[in-house]
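Listed next as C-alpha cells is one chain, alone, in the form predicted alone.
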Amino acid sequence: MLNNLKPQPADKILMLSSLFRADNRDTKIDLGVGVYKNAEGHTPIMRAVKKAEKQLWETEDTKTYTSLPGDAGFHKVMADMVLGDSVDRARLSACATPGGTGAIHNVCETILMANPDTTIWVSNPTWGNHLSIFKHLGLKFKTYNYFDAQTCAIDFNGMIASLQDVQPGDVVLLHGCCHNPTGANLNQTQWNEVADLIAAKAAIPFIDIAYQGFGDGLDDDAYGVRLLASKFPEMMIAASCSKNFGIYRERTGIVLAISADADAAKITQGTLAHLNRQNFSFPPDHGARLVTMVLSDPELRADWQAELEEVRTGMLVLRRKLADALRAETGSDRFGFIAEHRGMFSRLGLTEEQVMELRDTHAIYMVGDSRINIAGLNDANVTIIAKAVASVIA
C-alpha cells in the first residue's frame, strides 16, 4: 500500500529554514520563517505568559480532558478580544483548535459540510498554506486581485473589480490585519467598501486573523473583523495566539462562527465539536489556559499588552530604518512602502533571480517571492541588507 504514495511538494519556507541552518557562513541573515524574533534572534516567552505558566504549575490539579470544543473561558476571552461588542453572543459558536492552521482547517471542513459546491475567494497572493489546505480538502477556490507588484501596495481597484464576480453563497477569505505575505493592509474606508460589496453579493466573509496587535494595535487591528461581524448574518473567523502571545509550540487557535440566530448557532456549535472529534478529539489546553489567565487577570493583561506594544512599535522602528537605509543606498524611494506596511512581513518586489543572488552571494535568506520577516532585522544588519539589495538591483 505505502508503495503507492507519491512524493509531496516540500514546504518552501520550511525548506528555506533547512538551507539556512546548513549554511556555514558567519554572516548569514535569516529573513525567511515567519516567527517573531528579538534583536538577539531569539523568540522569548512573554513576561505575562511566564508568570501565568508559573501560577498554572502551582495551582493546576488535573490534566484530564476539557470539552470537545475546548474551555468556555478561552472562548469568552478570545471572543472579547477579537470581536469586542460587535455581535450578540447568542449567535456565536466557538471551538478551540491546534493553532490557527487547525482553525482554518476546521472552518474549511464546516464549509464543505454546509455546501460542498461552495467557492472560496482568496487574495492573490495569500499565505501559502491556505491554498494547500483548500487543495487537500478538495475545496473550490478562486483568487481576487490584491497586491500590485510594481508599487508594492494594495491594488484596491483590481480587488473590487475581481470581487464583482462573487456569487451568492460564495465565501470570501480576508486577512484580518497584517496581510501575509505582503504587509499591505486595507484601511478603514476600504474595509467598509469591501464589506458593502460582499453584502451586496450575498456572500459570506471568512477572516483569518493571526497577528492581532502586531499592526496598529489590538483594537485597530480588529476593525475589519468587527465591522463585518456587525453587518453579516453569517461569518467564520480563524484566530491564532501563536504570534501575539508568543506561544507558537503550544498550538493555540480558535474558530469563532457567527450564525443568523441562537438556534442556528447551537447547530453550528455541534458541528464544530463534531469536527474536532473526527480530527483530533479534544483540543490542546495548555496554551489556551495561559491565554485565558493573561486576558482575565488585570495585572497580567496590562503587562502582556505593554510587551505586545513594545514588539509592535519595535517592528515599526525597524521598518523605518530599513526604508531609510534603502533610500540612502539606492538614491530612490522605491522601497518607501516598507515603512507604510504593517505586521511581520513585506514583499520587496524583487525577482526570484535577485532573491537567489542575495542568498548565494550575500547569505541573506528570504522567501522566493521576496517576502521578508521584519522581525529578522536589527540595528546590526539593516545597513548590510540595504547594501546587498541595492547591489542586486543595480
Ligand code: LMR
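Everything quoted here is computed from the prediction, not taken from an experiment. Residue indices: 1-based, along the sequence shown.
The same protein also has a form predicted together with the named molecule, omitted here; what follows describes it.
Proximity of F245 to the named molecule in the predicted bound form: non-hydrogen atoms within 4.5 Å are absent; the residue sits far from the partner. Although the partner is absent from this view, F345 contacts the named molecule in the predicted bound form, with a non-hydrogen atom inside 4.5 angstroms. Though the partner is left out of this view, V33 does reach within 4.5 Å of the named molecule in the predicted bound form, counting heavy atoms only. Residue contact check for Y211: one or more of its heavy atoms lie within 4.5 Å of the named molecule in the predicted bound form. Checking 33 to 41, 66 to 74, 51 to 59, 350 to 358 against the named molecule in the predicted bound form, the stretch whose residues place heavy atoms within 4.5 Å of it is 33 to 41.
Contact check for W127, N180 and R371: all three have a heavy atom within 4.5 Å of the named molecule in the predicted bound form.
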